[in-house]
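Before any questions on binding or motion, here is one chain by itself as structure tokens, the form predicted on its own.
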Amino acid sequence: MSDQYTFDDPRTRYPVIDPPKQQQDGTGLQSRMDPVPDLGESTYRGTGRLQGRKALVVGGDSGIGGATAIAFAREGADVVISYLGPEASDADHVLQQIEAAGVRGVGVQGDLTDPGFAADLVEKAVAELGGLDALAIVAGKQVTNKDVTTLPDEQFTSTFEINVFGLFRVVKAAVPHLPPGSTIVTTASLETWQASPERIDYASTKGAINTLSKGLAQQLAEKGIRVNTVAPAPTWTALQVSGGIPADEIPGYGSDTPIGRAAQPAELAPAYVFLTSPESSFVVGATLAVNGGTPTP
């Protein structure tokens, strides 16, 4: 594969990974994963689809967010990414890729569980970029728990705080700055429709994000702001090795998809680019499932 436009067999476009059992504390570092996820560093080719745009990628330090930030930059956008403090080394890697694309890249550290962070993040992005017209919200929390009777209230609450309330607060802070033509892309999941019994809190937030996004799409369309959602299926990111799935499920991760493998983050980035670019001008309130063939409604 030379770039994302190369014609080839999707089953073998990326390797069928069989990771060893591995777990990391906290939110995990992508750089310590085996194998390290592919963000498109060597393959994503920009064609000027976002030239001059001013983008904020929430959770842009690694995984799908990191791949999206790199793709945005290579398409010509200046990019601000947010990240948690322990993820600084992963964020530095993404920022290096952004700057190598010849655009402006800025990192902002903070925690979406802090009710004041969203407004601070947006204000910093606007100040650094001289405005804002593209928002991609990818940050999320996913922690496995197989028994509702042992699911801590704190975990249930913090999952909603990050995945749903964090999204709401960022959008609320950003909308006053977004001119007509701007875009917001949120991140749902295959679990929006196929909730895992091991991740009932996470699945619930993804259903909420999908519904919230469709309501926002209708409300903001009259302002000329388009809102859409990407719903990934199994994708190899730091979420999996930091408690997102049981350790026993890491070997062979994603092999049960119809295409026979997990996605790499690089394969999700083009969906965010499409929904952010003017070529999707009549796509509003859509949920784009990037799912390796797993049926969705």
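Only a predicted model underlies this, so the values are computations on that prediction, with no experimental measurement involved. Residue numbers run from 1 along the displayed sequence.
FYI, the form predicted in complex with a small molecule isn't displayed, but the following is about it.
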Heavy atom of residue 253 within 4.5 Å of the small molecule in the predicted bound form: yes
Contact test in the predicted bound form: residue 64 vs the small molecule, heavy atoms, 4.5 Å: yes
Distance check, residue 140 to the small molecule in the predicted bound form, heavy atom within 4.5 Å: yes
Touches the small molecule in the predicted bound form: residue 187 (any heavy atom, 4.5 Å): yes
Heavy atom within 4.5 Å of the small molecule in the predicted bound form - the one residue of 111, 92, 99, 198 that qualifies: 111
Option touching the small molecule, based on a heavy atom within 4.5 Å in the predicted bound form, out of 203, 129, 217, 162: 162
Partner-facing stretch of 171-179, 149-157, 80-88, 217-225, counted where any non-hydrogen atom is within 4.5 angstroms of the small molecule in the predicted bound form: 80-88
